[in-house]
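The data below hold one chain only, encoded as structure tokens and taken in the form predicted on its own.
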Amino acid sequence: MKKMRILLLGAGGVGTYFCGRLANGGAEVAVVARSDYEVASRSGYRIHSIAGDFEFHPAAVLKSASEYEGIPDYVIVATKVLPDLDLHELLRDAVRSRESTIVLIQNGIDIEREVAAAFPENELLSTIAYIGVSRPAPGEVLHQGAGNLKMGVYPAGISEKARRLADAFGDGGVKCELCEDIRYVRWYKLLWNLPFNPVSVLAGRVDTHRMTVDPGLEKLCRELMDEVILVANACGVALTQQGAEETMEFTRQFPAYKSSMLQDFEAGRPLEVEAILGNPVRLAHQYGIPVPRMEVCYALLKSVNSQKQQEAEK
């Protein structure tokens, strides 16, 4: 049986970790790298993991998808969801055949629609990562917590291609749960993303431990979860208070961890404001749902993000 061929777009901590595991399981993985290109092309990636350290030597390290030779079975997108990211442009050189399956391992709500419209003949797998991971240095990844995936066909269902990729992740030591209703899973993940990512930045660069033990911050995170539940319910997604309790307990048990948004903030990178906060706020307005805490966090985070980017450009 021929090797599964994978092309990774977005060689950050999340994409590098999971694709490194795929390579360990026997897949042929090529990587489009930017900031880590020189290091990765010379010596690959070193992953320091709670599940066991390993090295990831891609089959090819590329500067752009146009350099990829042949047709990949799966094109994995693990980039941040930012306003200036044109996914159609990013995928155009990578998706050359209807046989390639597009896999989005990204945060946020309502992020799949434009990709599905731009590539209607290609199967689209929406994937949610549960992982604590960072990049302490070029060519290095630090994996501190969790490390599993949930995946399903967009907008719904489970396919043979999804099963094949989930099995490949399993061969590499990653639990990948297939989900019939991936839309519900995305909203469930927002119960974590929407409170803990923005609050970690707005509260003065605090980690997950601080947000769960500080009474005021924990109360704010819980109230933001309540607003997520209201908006999800209005959209026909049956989130419950039990899900909020599970999310808070999961975070309490998690090692003290800087959220991905806080890592981006400290590194001077743009923040995923719209995918995590902007889209839910707009849906709340559409359905007439009051979300005052969400609106305040959205306004503050937009300002913080804009100010940070202006400073970085000076």
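Each residue number is its position in the shown sequence, starting from 1. Here the structure is a predicted model, which means the values were calculated and not measured.
Beyond what is shown, the protein has a form predicted together with another copy of the chain; the following relates to that form.
K.L.:
Determine which one of 126 to 134, 142 to 150, 206 to 214, 229 to 237 lies within 4.5 Å of another copy of the chain in the predicted complex, judging by heavy atom distances; exactly one does.
P.N.:
Comparing against another copy of the chain in the predicted complex, the contact stretch is 206 to 214.
K.L.:
Another copy of the chain isn't shown here, but in the predicted complex which of Val81, Val185, Leu220, Val77 has a heavy atom within 4.5 Å of it?
P.N.:
Selected option: Leu220.
K.L.:
Is Ile102 one of the residues lying within 4.5 Å of another copy of the chain in the predicted complex, judged by heavy atom distances?
P.N.:
The answer is no: Ile102 has no heavy atom within 4.5 Å of another copy of the chain.
K.L.:
Report yes if any heavy atom of Leu202 sits within 4.5 Å of a heavy atom of another copy of the chain in the predicted complex; otherwise report no.
P.N.:
Output for Leu202 is yes: heavy atoms within 4.5 Å of another copy of the chain.
K.L.:
So in the predicted complex, is another copy of the chain close enough to Glu313 to count as touching (4.5 Å, heavy atoms)?
P.N.:
So Glu313 does not count as contacting another copy of the chain.
K.L.:
Would you please decide whether Cys297 lies within 4.5 angstroms of another copy of the chain in the predicted complex, comparing each non-hydrogen atom pair?
P.N.:
Cys297 belongs to the contact set for another copy of the chain.
K.L.:
For 259 to 295: residues with a non-hydrogen atom within 4.5 angstroms of another copy of the chain in the predicted complex?
P.N.:
Sequence-ordered list: Pro292, Arg293, Glu295.
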